[in-house]
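Quick setup: one chain, the form predicted on its own, written in structure tokens, and binding and motion questions come after.
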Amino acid sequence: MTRTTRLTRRGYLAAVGGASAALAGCTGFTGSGDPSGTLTVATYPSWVEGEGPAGPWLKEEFEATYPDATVEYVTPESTVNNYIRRKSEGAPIDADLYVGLNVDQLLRVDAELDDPLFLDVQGEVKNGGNVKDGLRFDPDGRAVPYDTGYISLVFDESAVDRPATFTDLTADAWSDSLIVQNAQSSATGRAFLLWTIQQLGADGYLDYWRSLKENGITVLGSWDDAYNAYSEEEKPMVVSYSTDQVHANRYGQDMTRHQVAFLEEQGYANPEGMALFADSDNRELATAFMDFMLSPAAQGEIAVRNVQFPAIPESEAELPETFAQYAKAPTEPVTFTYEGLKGNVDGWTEDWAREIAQG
């Protein structure tokens, strides 16, 4: 693959068939009358940019379902950190809803702010009850998951054997084969680091990473950097997502280079959530949009366009048959809880950076 066809993590699928006809009757909205007004949704750039992203589709379908409502997206630099800073300075938030929140960001919010940035919406988002229990990452009910990826390895089976364990990656057969992302700058890299900590313990993960480093891993800054290096055949294996074959099938690519490996038959779940800003005056409209995002039709579209798994059971989401065929789910999804990461994740990451990324 050349640099002229560089990919982004989300937005590398073309638009798929809409399902707007099914949406109006299954949004779950239970407010008094149809919601109205302008909803400002803060999010990351690839939610609204690139080829066939989920954001514009959701805006169009939500506004078609609720003609008196308008959705506007904003993509601030530094994402959640922008709102942490504004809240600490007493500046206006100027947004109603945040889409794209993960557990690391939520921990940062809670560590740096005394006043709430987001509000508990449990019980207000009817379709939130359909979210798979294993994906819920906020013990206070503020963040509602809307999709998840499973971190895995993607490899070229013509160049390297399928690794089955974490130990395999330190063996000669996989020497100089693996591209990983920097855990300080990449959510994918952070998730892979946490997976190794969960597997090997806080006392053993750095020794394991030293072995990986000795075996010739390459650390790159972002998922985009790592996946494009892999696509250009710089190395035969990369940390990525287990939905990789969905993308490969969409573009008619050779599946030989899109094989998925689950170490220890596991995959690290990395859910994304949406949360209502505490300063919002549009609570009813915001929770209606959240309900809409968790409807079966919207969940199918988000999964395909984001190349992730839906937050509700796949049997309930309106997914194309090819998604079920090519999206690979691990036998044992694993992840750290909010409580397990609280007070630990920054130290783990900083120690990793000194030893591996900078050492």
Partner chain sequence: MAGPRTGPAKSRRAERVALPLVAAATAALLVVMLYYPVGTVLVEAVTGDSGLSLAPVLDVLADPFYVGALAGVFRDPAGVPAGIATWLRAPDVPGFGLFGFTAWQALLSTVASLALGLPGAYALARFEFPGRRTVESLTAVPFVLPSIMVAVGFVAAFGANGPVNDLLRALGLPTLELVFTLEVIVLAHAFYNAPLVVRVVAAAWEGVDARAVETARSLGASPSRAFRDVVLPQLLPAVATGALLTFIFTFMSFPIVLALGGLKLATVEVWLFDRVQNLQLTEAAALAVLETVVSLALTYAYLRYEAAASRGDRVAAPLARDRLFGRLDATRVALLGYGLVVGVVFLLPIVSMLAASVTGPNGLTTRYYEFLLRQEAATSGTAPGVAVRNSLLFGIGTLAFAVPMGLVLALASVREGVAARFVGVAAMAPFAVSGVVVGLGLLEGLVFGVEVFGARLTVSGPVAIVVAHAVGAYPFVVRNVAPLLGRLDRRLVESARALGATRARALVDIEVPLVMPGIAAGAAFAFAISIGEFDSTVILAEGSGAYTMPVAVERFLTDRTLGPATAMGSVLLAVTACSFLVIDRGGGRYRE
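Residue numbers count along the first chain shown, from 1. Not measured: the values here are computed from a predicted model.
Omitted from view is the form predicted together with the partner chain, to which the following refers.
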Thinking of the partner chain in the model of the complex, which stretch from 177-185, 160-168, 121-129, 278-286 has heavy atoms inside 4.5 Å of it? 177-185
Judged by heavy atoms and a 4.5 Å cut-off, are 75, 92 and 224 together in contact with the partner chain in the model of the complex? yes
Residue within 4.5 Å of the partner chain in the model of the complex by heavy atom, from 269, 107, 84, 260, is 84
So the partner chain isn't shown here. In the model of the complex, which residue out of 112, 207, 264, 140 has a non-hydrogen atom within 4.5 Å of it? 112
The partner chain contact in the model of the complex: residue 200, any heavy atom under 4.5 Å: no
Any of the heavy atoms of residue 65 lying within 4.5 Å of the partner chain in the model of the complex? no
Find out whether any non-hydrogen atom of residue 243 is located within 4.5 angstroms of the partner chain in the model of the complex, and reply yes or no. yes
Does the partner chain get within 4.5 angstroms of any non-hydrogen atom of residue 37 in the model of the complex? no
Select from 224-256 the residues with a non-hydrogen atom within 4.5 Å of the partner chain in the model of the complex and write them out in sequence order. 224, 225, 228, 229, 232, 233, 234, 235, 241, 243, 247, 251, 252, 253
